[in-house]
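Okay, so here's just one chain, in structure tokens, the form predicted alone.
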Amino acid sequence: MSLDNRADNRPIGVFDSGIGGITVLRELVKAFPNENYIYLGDTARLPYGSKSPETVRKYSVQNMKYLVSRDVKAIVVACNTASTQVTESMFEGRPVYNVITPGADLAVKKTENKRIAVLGTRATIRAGSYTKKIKELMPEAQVFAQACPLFVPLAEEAWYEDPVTNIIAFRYLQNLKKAEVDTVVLGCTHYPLLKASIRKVFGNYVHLIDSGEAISQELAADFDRDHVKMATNVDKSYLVVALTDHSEQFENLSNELLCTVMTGQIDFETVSVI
């Protein structure tokens, strides 16, 4: 079958509560530049990390229903907290990818001393999904979980390498450094924005597991297996960023984060998912 006959130019849907999911989107665009994308930022209800599992599940279903209404061909849950409530399966005929499964898998592949740290929001750490998945893949692994709730507002403020961020990172992570972990899962999609500060604590020898990179590898495998058909856009790909509450700060930050990887058009919309 020829590539043209196989092509599916419908967009890939991606959602998160805030700017963090843009780090996942950025990696997807880098890996699959010919695809179209719809990014849903639930800015009216962020953050998810401090909310109950029931509320996060309800919001996630509403978000996925909205993306299905936009005729996406696949859904990427670019939020670790939401990923604790959304399994990788199908939703109204669309494959759903969460960030926990590929992140845990990549951590297990990277670790050499089997001492793995997981950083996340309180909700993600409380759910224990990363620890459970890592233990399934590597029962002998030692997993050290650390909630870092202040990392999200620091990322939302774009304080990526601010002295305040460095101090808070040291406060959260100093005990993990003493535990001699060699692999650190950035278990919130905001956290890759703070890689510089995190590396200042752990040093360059530690593997930092980025959810966006991990999920891009999983999606690439599904493209190869033909579980999801690739698009054939050339210099015509587009991105729609749909926000549940207008945010000039979000628009500015997302443009800044995507400008080096997105060659096509970016359109911003304000939408309702309820």
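Remember, it's a predicted structure, so these values are computed and weren't measured experimentally. So that there is no doubt, residue numbering starts at 1 and follows the sequence shown.
A second form of this protein, the form predicted together with a small molecule, is not displayed here; the remarks below concern that form.
Contact annotation: Val152 falls within 4.5 Å of the small molecule in the model of the complex, judged by heavy atom distances. Although the partner is absent from this view, Tyr59 stays clear of the small molecule in the model of the complex, with no non-hydrogen atom inside 4.5 angstroms. Among heavy atoms of Cys79, some come within 4.5 Å of the small molecule in the model of the complex.
Under a 4.5 angstroms non-hydrogen atom cutoff, the small molecule in the model of the complex lacks Ser254 among its neighbouring residues. Of the residues given (Val206, Leu46, Leu219, Leu239), Leu46 alone sits with a heavy atom within 4.5 Å of the small molecule in the model of the complex.
Scanning Asn98, Thr183, Ser197, Thr124 against the small molecule in the model of the complex with a 4.5 Å heavy atom cut-off leaves one residue, Thr124.
Between 160-168, 132-140, 184-192, 85-93, the stretch whose residues reach within 4.5 angstroms of the small molecule in the model of the complex through a non-hydrogen atom is 184-192.
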